[in-house]
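Read the single chain below, which is given as structure tokens and is the form predicted alone.
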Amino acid sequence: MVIAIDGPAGSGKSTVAREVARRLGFIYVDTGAMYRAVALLASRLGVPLTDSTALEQLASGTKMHFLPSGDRARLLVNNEDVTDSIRTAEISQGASIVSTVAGVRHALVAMQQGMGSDGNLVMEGRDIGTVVFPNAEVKVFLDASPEERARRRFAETPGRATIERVAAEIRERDARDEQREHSPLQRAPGSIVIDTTGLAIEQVIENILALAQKGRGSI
């Protein structure tokens, strides 16, 4: 079984997907982390985010895999653990730009589909139900109000100047994700939309677990 969870920044994808995977004993894959990894490597190597050819070569020549570790998965890139290094505001914005490059998306989608061939998994991102696994048994689109998403991101990244700045970054990210030419963020046909505004994390998790039971008959 593949459970595909899509949605915009701050909708709760990572938190929910991790816990759903843990409870089901499934593999958890955070595809956003993979784009962050490409942005991190580009930053380290001085590759301009405007050089689509160089970015594609960088993504194609990089090996990535997720290593289960307690209640989360760590991302190894060319055997280096970059889990913490990719969680900065600068890398987040870089990932948003990198994700618009068709060659990068093609390379990473191929990796993601390969990960799915290993067994049951929960994969979250922005094009899982539309591009990576359009035939997934369970497809979910998480959403929340812009205000709620900004509040969550602000709480997750202490030290940022203001919540207004976080809200502006989210608006910029939404615009890039929705307007990019290749694999734009959109609700996949047949996906179940869950508005997480005002919902406890446990409620969202239980909803998805119920969908998984219904989709497979029994987990």
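These numbers come from a predicted model, not from an experiment. Residue positions are given as counts along the sequence shown, with the first one as 1.
One more form of this protein exists, namely the form predicted in complex with 2'-deoxycytidine-5'-monophosphate (DC); it is left out here, but the text below deals with it.
- In the predicted bound form, at least one heavy atom of I128 sits within 4.5 Å of 2'-deoxycytidine-5'-monophosphate (DC).
- When contacts are judged by a 4.5 Å heavy atom cut-off, S191 does not count as touching 2'-deoxycytidine-5'-monophosphate (DC) in the predicted bound form.
- Within 4.5 Å of some heavy atom of 2'-deoxycytidine-5'-monophosphate (DC) in the predicted bound form lies at least one heavy atom of R180.
- Contact check for R87: a heavy atom falls within 4.5 Å of 2'-deoxycytidine-5'-monophosphate (DC) in the predicted bound form.
- Of the candidate stretches 133-141, 74-82, 96-104, 113-121, only 96-104 has residues whose heavy atoms lie within 4.5 Å of 2'-deoxycytidine-5'-monophosphate (DC) in the predicted bound form.
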